[in-house]
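Consider the single chain below, provided in structure tokens and representing the form predicted on its own.
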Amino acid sequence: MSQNDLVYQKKNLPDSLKRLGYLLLVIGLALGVAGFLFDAQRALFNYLLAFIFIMSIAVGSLFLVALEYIAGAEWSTPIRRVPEFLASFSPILIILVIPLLLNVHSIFEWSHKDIVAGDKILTGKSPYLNTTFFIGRTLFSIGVWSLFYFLFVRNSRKQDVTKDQLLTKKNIKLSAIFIPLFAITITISAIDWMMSLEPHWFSTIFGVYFFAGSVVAALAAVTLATVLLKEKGFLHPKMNNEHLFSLGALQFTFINFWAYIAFSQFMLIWYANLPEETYWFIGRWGGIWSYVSIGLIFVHFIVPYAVLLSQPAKMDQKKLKFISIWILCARVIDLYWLIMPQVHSAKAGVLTIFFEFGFLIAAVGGFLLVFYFNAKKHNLVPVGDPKLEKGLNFRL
């Protein structure tokens, strides 16, 4: 038994977390399914929103795992199991995507052959935007994420037992392969599941925009879970607030990156002033959507920027918990802004709004359950990683 094992003692998460997860899952699914009775089209888009939200956190967390390996980072080693656990939703996406694949015809305009036949632009895009190729791309992307998730965590968990340092080198090599594949698959997914909702519109940096938002959401989820685990004594006792500073700094960095990409996308389309590009933004500048558009600037950028600007704030556990929850909510608003204007049934009564976020509530419950069962089976700290000791002794 190593020195790290002697210092770190694994603790099981409380059963109250499991009960809360089941409660949210049941309530959320009940609300989501009931929504189909009042507005089936809108409920289907609500499910799509929840699916993309889950994908953002799961795949963004997998990217953070790969980033640590390929960058040789040491400070994040003691908390790497947190993004590993969150990334465990990656293979579950293959199940969650089934209802959407069964309803492609109800979601996407380009899946209607009669509409495509009478539209020159959609006809030109049909070699890419067709149902068979679309399903193939979706299964390929989820397959890539699932494969690398299993490879990463298999080596990481095996290292807890064997202490084999070569397993770290294997994951570094896997990360070098995964990063470009990740860039391709997350771009494909962003274009397929969101940009093609309005198939006449296009943006050359939409994939980068979705990547930035996904990493921001994943960092927020990782930070929130890390702070809560640290407060309750579930992480290594040598963990200090300087580890939290690095998480806060990364959040601050990617918040700025998201804002830069969001502004770049808007500015280039506004400057070119081409009808085939500007109509997408014009549609989000009418009625209540104008308030959402302006609010997104404050919620997703200005508030997080102001809260995380100072160095002490990045180590303040209360502020980190608050801003992490805030950013996750901002991610929901961002996805709502991207997806929901395309809902064909525009009538949204009081009952429809009541059921609007049912599937998102279920998603939160699902993450709690996945995290709980992972923590029950596996260490919350990678005790066999050769970088762990340096990571625990990390200082700014």
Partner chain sequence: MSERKLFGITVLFHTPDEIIHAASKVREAGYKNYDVHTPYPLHGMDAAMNLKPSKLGYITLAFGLFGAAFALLFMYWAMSIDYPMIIGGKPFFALPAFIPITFEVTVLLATLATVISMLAFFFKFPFNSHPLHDTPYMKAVSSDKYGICIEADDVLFDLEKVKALYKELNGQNITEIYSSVVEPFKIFEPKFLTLLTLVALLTSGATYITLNKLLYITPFDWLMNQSRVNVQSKSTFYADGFGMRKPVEGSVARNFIPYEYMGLIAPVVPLSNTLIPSNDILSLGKKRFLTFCSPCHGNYGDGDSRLNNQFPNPPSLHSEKVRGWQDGNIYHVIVNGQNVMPSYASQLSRDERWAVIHYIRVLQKAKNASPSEIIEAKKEILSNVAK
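Note that the structure is predicted; figures quoted are calculated from it, not measured. Residue numbers count along the first chain shown, from 1.
From this point on, the text means the form predicted in complex with its partner chain, which you will not see here.
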Single option in 309, 102, 71, 302 placed near its partner chain in the predicted bound form, where near means a heavy atom within 4.5 Å: 309
Contacting member of 322, 201, 266, 133, with respect to its partner chain in the predicted bound form [4.5 Å, heavy atom]: 266
Contact label in the predicted bound form: residue 162 to its partner chain, heavy atom within 4.5 Å: no
4.5 angstroms heavy atom contact with its partner chain in the predicted bound form for residue 291: no
Partner contact for residue 285 in the predicted bound form: its partner chain, 4.5 angstroms, heavy atom: no
4.5 Å heavy atom contact, residue 298 to its partner chain in the predicted bound form: no
Candidate stretches 138-146, 270-278, 124-132, 217-225 - the one whose heavy atoms come within 4.5 Å of its partner chain in the predicted bound form: 270-278
Heavy atom within 4.5 Å of its partner chain in the predicted bound form - qualifying residues of 378-396: 394, 395, 396
